[in-house]
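Here we start with a single chain on its own, the form predicted alone, put down as structure tokens.
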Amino acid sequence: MLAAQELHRRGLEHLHQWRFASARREFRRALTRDPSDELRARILVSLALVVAELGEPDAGLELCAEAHAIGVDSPEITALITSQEAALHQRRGEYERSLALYEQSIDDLPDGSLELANSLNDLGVVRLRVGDFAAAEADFARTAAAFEELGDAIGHATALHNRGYAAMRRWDLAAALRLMEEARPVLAEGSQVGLALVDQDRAEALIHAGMSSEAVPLLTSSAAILGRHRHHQMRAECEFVAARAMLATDPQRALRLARRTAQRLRRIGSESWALRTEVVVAVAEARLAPVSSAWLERTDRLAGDLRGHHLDHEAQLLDLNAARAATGIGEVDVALARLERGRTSETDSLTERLLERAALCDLELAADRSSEALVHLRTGLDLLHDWQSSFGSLDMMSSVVGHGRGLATTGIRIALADGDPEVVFEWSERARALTSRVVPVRPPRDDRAAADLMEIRTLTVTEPEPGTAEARRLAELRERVRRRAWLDAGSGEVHQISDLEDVERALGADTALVSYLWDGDARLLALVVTDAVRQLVDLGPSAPLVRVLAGLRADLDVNASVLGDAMARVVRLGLERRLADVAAALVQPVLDLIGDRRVVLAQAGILAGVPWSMLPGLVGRPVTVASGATRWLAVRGLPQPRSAGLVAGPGVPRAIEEVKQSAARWPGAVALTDGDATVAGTLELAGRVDLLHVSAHGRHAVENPLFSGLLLADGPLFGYDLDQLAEVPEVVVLSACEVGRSTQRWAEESLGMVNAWLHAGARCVIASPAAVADDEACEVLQDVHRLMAAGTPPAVALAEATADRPTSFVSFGAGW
């Protein structure tokens, strides 16, 4: 028969593997084997934690009291019991009580002991809960060192992960994800429960990064695992985070889940967490319908209860949301009182600070003070940009834009209502392509990412069948490359918005700026700026145009395919009618204003994919599509390329001809064909030429745009591959189908192969948002190179080469 000590040891092993039911069984058996007083106290302490994790926190505290009652005369045992009480109060959300008990006990736990390491970790968690993030990170650093000294890899990884969580609460997402990534492989090997908890925290980081749609499946999966293992408190906490994530995209679902979770938390005696969940319920209700006086009174009481439980952060969040809701129903005095109570400081998180700016803006608008409202919106967006500039990943930068999209949209609406072109220009620049304001930085070469991308290329030569081992490996590699890119540090610098007068001077007499604006609801407008006019043109409701655009790409794709003469005529006529309809909506209303000038065009997000160079009124006219006038002003004035490199991928019938004929226009040009046209060869060539031309099959990856690719001899060249470039060509020509497409995030933010090249440092990219006929690309682009080699800027060369044979190729960036 096993002795009590051995059974206790077995129970602890189960406990460390999150097998609480098995641990409880062993601890109870140990108590029946007549242990010494000290061992009995230790067993009761271990059992207390297990029963609390299984949903009986009061029973856990009773077991601790029973351990105290044994009366073991040892400061260490007393400290052990008190520390466990602190942990149980922490799990009930009673943080002040928990903190006091830890401070009372932790110094009496022996150095180098597992108990001290565990208590330091739990103390860090409590400090996280009360918002003392710096102290929490110091606790976790001590915890990691303690576990490392004990040779406990799981404990060490847990402490690293928790340091990452603390960094996330400071909104240092790059550091947070880096620490979580470092810890994840060790924790994932421990148990399903450990992995679920890791994924829950990672999902929370994704929510901060604006990736709620990716976070929710992770949380749903984690909650299911925790439920199966009967970890009721942890499951409920996971569902709380999931409900909060759903607020952004599906408030009705968030409301249902939050209500169920609050009930579940109250059933297990976790009032503090239930109150936190009630905040999600209240915010979801406010997003679904105008609030009532009863709602305001209820949330007032809830804010008081939250502060009574020292949940000041949650109370502040509720007050700021309530301020906005009160303003919405005309209860300005209530809004002012809530706003005053919820005021933020520099130590508060970005969420609260942006919410505060939105609430202040609402109040100014309610008082008909739009200029003052814009001041708050500018401050909010500046906060966002400062944070955004901490990321080096284009993917991450575009995702976090969602935190400021509401501010930008409100600014546009105010500016459009004002009607002053100068104000409209400023807000069109602020609202458009928020990512492009951040000064990009070249990430260091990452050999691990390069190796993963190489394996992805191998696996995607023939896309594996879903459900196969190859498909799972491919998904794992793609996710790893993406996650690793998130860890890159940003420049910390942000471009300032250009003055309209500076833009006008740069435009001169021969160039016009046409900046398309979507008011976020129903209308499209265009701001036209030339040396003669500054005029806002109302283009009317956006819905009819959206319907026309819905079939445009399909028409372009069919038109580019090989068809019989009769069918080709029918398709061509249909495409011409659709292009004429698009031009009637977007181009005709501004033609008189732009005259015969070249056009710098800034497109609204819903217009991404328009083949501007094919629209009547723009055919044969130099047009370059910039992310904004500010960006165009910063990178315009392309120097004449002095060196050129051209690459022909496999399977494109006239690619080699296109490349060789085009290369012949450039002295000393290098052409890679057949087996030489590899990804490594292309990247090496790209790093030493001013102009790169790639003729290949292309594919835009809608779900993960930076995995859009150009097919080369050894597989696709992805957007992520550009991170391996130390130097980037000034001009890039992508003779391939659809790599000029982009995926829209947050309505205005675009991401795709063109953005990847421009973000990497290219100044101009010629690419097509649709399929391209091989013959057309071969013949047109040879002429473009002939003109460019003679000194004609790229966008001008494209216009001249396509004046009598319009194509879907578009010049992006600074075409001259």
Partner chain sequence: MTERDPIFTDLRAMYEDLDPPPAHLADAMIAAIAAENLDADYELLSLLGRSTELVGTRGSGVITIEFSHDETSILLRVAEVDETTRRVDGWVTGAGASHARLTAGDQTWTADVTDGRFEFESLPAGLIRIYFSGDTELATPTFEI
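What you are looking at is a predicted structure, and each value in this text was computed from that prediction instead of being measured. Positions refer to the first chain, counted from 1.
The form predicted together with the partner chain exists for this protein as well; it is not shown, and the discussion that follows is about that form.
- Looking at E278, you'd find every heavy atom of it more than 4.5 angstroms from the partner chain in the model of the complex.
- Although the partner is absent here, A159 lies well away from the partner chain in the model of the complex, with no heavy atom inside 4.5 Å.
- Although the partner is absent here, E455 sits far enough away that none of its heavy atoms falls within 4.5 Å of the partner chain in the model of the complex.
- Contact annotation: D557 falls within 4.5 Å of the partner chain in the model of the complex, judged by heavy atom distances.
- A heavy atom within 4.5 Å of the partner chain in the model of the complex is found for one listed residue only; from R699, R264, H229, H313, this is R699.
- Proximity to the partner chain in the model of the complex, defined as a heavy atom within 4.5 Å, holds among A303, L527, V652, A686 only for V652.
- Across the options 777 to 785, 758 to 766, 30 to 38, 51 to 59, residues that bring heavy atoms within 4.5 Å of the partner chain in the model of the complex belong to 777 to 785.
- Here the marked residues R578, S735 and A773 all reach the partner chain in the model of the complex, each with a heavy atom within 4.5 angstroms.
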